[in-house]
Ligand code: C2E
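Single chain ahead, by itself, as structure tokens, in the form predicted alone.
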Amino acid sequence: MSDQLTGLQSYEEFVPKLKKAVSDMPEEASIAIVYSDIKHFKYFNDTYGYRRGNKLLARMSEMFSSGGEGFLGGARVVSDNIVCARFCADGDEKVFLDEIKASISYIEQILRKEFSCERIRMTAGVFFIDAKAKGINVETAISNANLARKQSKLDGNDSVTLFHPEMASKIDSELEIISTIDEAINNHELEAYYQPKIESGTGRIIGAEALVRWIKPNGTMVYPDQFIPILEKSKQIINVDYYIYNEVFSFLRGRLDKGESVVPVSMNVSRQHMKDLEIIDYVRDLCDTYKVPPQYLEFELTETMCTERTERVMEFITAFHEMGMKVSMDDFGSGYSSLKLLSQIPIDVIKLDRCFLRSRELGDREKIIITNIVHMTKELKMRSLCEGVETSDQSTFLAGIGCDEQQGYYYSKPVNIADFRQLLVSGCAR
């Protein structure tokens, strides 16, 4: 039975027709299964209503099923969001992928114009059935195209993605993170870990950086590089940041109330915050709630973020300076526009990227570069911090050239709140 909304074939009708198309496929031909979707369709429904959303789906389906020159030179079989198109195998897959991208772009343009919405964007996954893969189960082929679509949606960079075998496990793990992170936040599975910042020459702890760790109920730790890059593609990273901010503010307030020693703590800022700068009001509310003096608070922006969104970053820095907080530039030297950025953005602290200390024994060239960056920050009235310090020789060199602060495993790895309290009691990380 056809779908009442779109008029397209049901999945049950589509599968046997696809099987027949594959069995009838000439040796020199191939079939491409294109599984498409409208990105952020929930946003469209919430903004324009479900009736208009249904019309959008119906119109998209109509364009898919028309088989006209506007789409792939004529689609052969269509069901729901799935199109099966045949092409001659004389050309390579890249050529046909380019045709698919052009067709998707064409449909997007028509839909944006007809529905007066510039945010309409489509994604699609593609799986090719050629002579070598002719014996594949067609349900699996459809599933593979769908996996490629999900990957395209996760990446956010390209409208069309070709299936690769390793996608299955990668997609499963990414979707697991995306689907469980909100519950993890609600269950307090996320923890703030603190990595001390050390005063060069004295070894005193004069600050710390708050870093997130995800500890599951069974004790398994999910490290940031396993989930942060995935969540940074969506607004879910904002909830993670806000959770850690609350943890830090609460920690500092608790120590102040008990009369215990307090050092400034820096917190990382995701690029997602630069889209609307709601973070300014959120942090201002935290300040009103916890009454933490601003000199104990610092927020870290990456060099890349400063490069990509300079105007928004300027708004951010101005607002946080007005609240009395410091702003640092993290990963300095990892990009290509560092010097230009320093002339434009009023940063308080420059954090030299760990790439400068990649070699445990510093060569003359590395020493010259680090020395000049540190001297330059002093001339610009900024503080300098070098990340990735792992040896006594590195630490001694940095102190000798006047680097203000150091951070790295030579002093301490990131530790949980209990261990960090113990470090604060001693005042030193070694």
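Start at 1 with the first residue shown and count on from there. Computed from a prediction, not measured in an experiment: that's the story for all the values here.
There is another form of this protein, the form predicted in complex with the named molecule, and it is not shown here; the text below is about that form.
Engineer: Find out whether any non-hydrogen atom of residue 328 is located within 4.5 angstroms of the named molecule in the model of the complex, and reply yes or no.
Structural biologist: Taking the distances in the model of the complex, the answer for residue 328 is no, it never comes within 4.5 Å of the named molecule.
Engineer: Whether residue 354 contacts the named molecule in the model of the complex should be assessed with a 4.5 Å heavy atom distance threshold; does it?
Structural biologist: Yes, residue 354 sits close enough to the named molecule in the model of the complex that at least one of its heavy atoms falls within 4.5 Å.
Engineer: May I ask you to check whether residue 232 falls inside a 4.5 Å heavy atom distance of the named molecule in the model of the complex?
Structural biologist: Yes, contact at 4.5 Å.
Engineer: I'd like to check something about residue 225: if you look in the model of the complex, is any of its heavy atoms closer than or equal to 4.5 Å to a heavy atom of the named molecule?
Structural biologist: Output for residue 225 is yes: heavy atoms within 4.5 Å of the named molecule.
Engineer: 241, 174, 298, 303: which sits within 4.5 Å of the named molecule in the model of the complex by any heavy atom?
Structural biologist: None of the others qualify; the residue that does is 241.
Engineer: Considering the named molecule in the model of the complex, which of 181, 142, 212, 283 comes within 4.5 Å of it through any heavy atom?
Structural biologist: Spelling it out, the residue with a heavy atom inside the cut-off is 212.
Engineer: On the criterion of a non-hydrogen atom at 4.5 angstroms or closer, are 195, 270 and 390 all touching the named molecule in the model of the complex?
Structural biologist: Answer is yes for this spot.
Engineer: Looking at 262-270, 160-168, 103-111, 312-320, which lies within 4.5 angstroms of the named molecule in the model of the complex, counting heavy atoms?
Structural biologist: Answer to the contact question: 262-270.
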